Ligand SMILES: C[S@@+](CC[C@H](N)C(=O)[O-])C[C@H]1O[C@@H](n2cnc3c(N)ncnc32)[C@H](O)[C@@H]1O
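The chain below stands alone, shown as structure tokens; this is the form predicted alone.
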């Protein structure tokens, strides 16, 4: 559990869409204490199925090493580690890593734009709902490629754009109005979820993100929509 003094200091902190790393880290420190339960409530319990879909898209084999970037409390890392995969949780929020300290996976503090790993040292990289929070997503995508072995896989699980226009309208209404109200009831830092809604709305759609992966040097880029496009899984290969 996060230190009470830290929770008091970081509660109410939120990042802006300029995504200054210090602000983003402080914001996530402030939500760490109730992060997992808040995610489950806000996603209506779909977060577990999104984690399973991400693991299946990665397709890591027993004995391989994968890096889970922006892993938060390492819930996603535990999912990736099933079946004999060595999964490493990486996050730059110390509060999030402490909140997940009991989860039995290796953890390392690190920034997505400057990972503390050697070149070509992992078989795959996953980032779930984190690329949107990086100050320079394109730099992060290049960094993921640097640490991935040739033939390795990248999976980006991120909020995206619903494909059916009427549903997209309802979804945006939920993001901007209902989500912040729900967060006030369950989160340790409700203001952070105002940023969440704004950052999702500003994020590129599926084809635009695919183009950015290609520009960063990834090959065989494809995506698969989950929950009508609320979430998209982008998968790519390191050549």
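None of these values were measured; they are calculated from a predicted model. Numbering follows the first chain given and starts at 1.
Absent from the display: the form predicted in complex with the named molecule. The rest refers to it.
- Proximity to the named molecule in the model of the complex, defined as a heavy atom within 4.5 Å, singles out one entry of 85, 99, 122, 75, which is 75.
- When the named molecule is considered in the model of the complex, residue 112 lines it closely, a heavy atom lying within 4.5 Å.
- At a distance threshold of 4.5 angstroms between non-hydrogen atoms, residue 154 is out of contact with the named molecule in the model of the complex.
- Residue contact with the named molecule in the model of the complex: residue 192 places no heavy atom within 4.5 Å of it.
- Contact between residue 81 and the named molecule in the model of the complex is not found at the 4.5 Å heavy atom cutoff.
- Between 33-41, 175-183, 206-214, 55-63, the stretch whose residues reach within 4.5 angstroms of the named molecule in the model of the complex through a non-hydrogen atom is 33-41.
- Not one of 162, 201 and 231 is positioned with any heavy atom within 4.5 Å of the named molecule in the model of the complex.
- Along 124-159, a non-hydrogen atom within 4.5 Å of the named molecule in the model of the complex is carried by 128, 129, 130, 133, 134, in order along the sequence.
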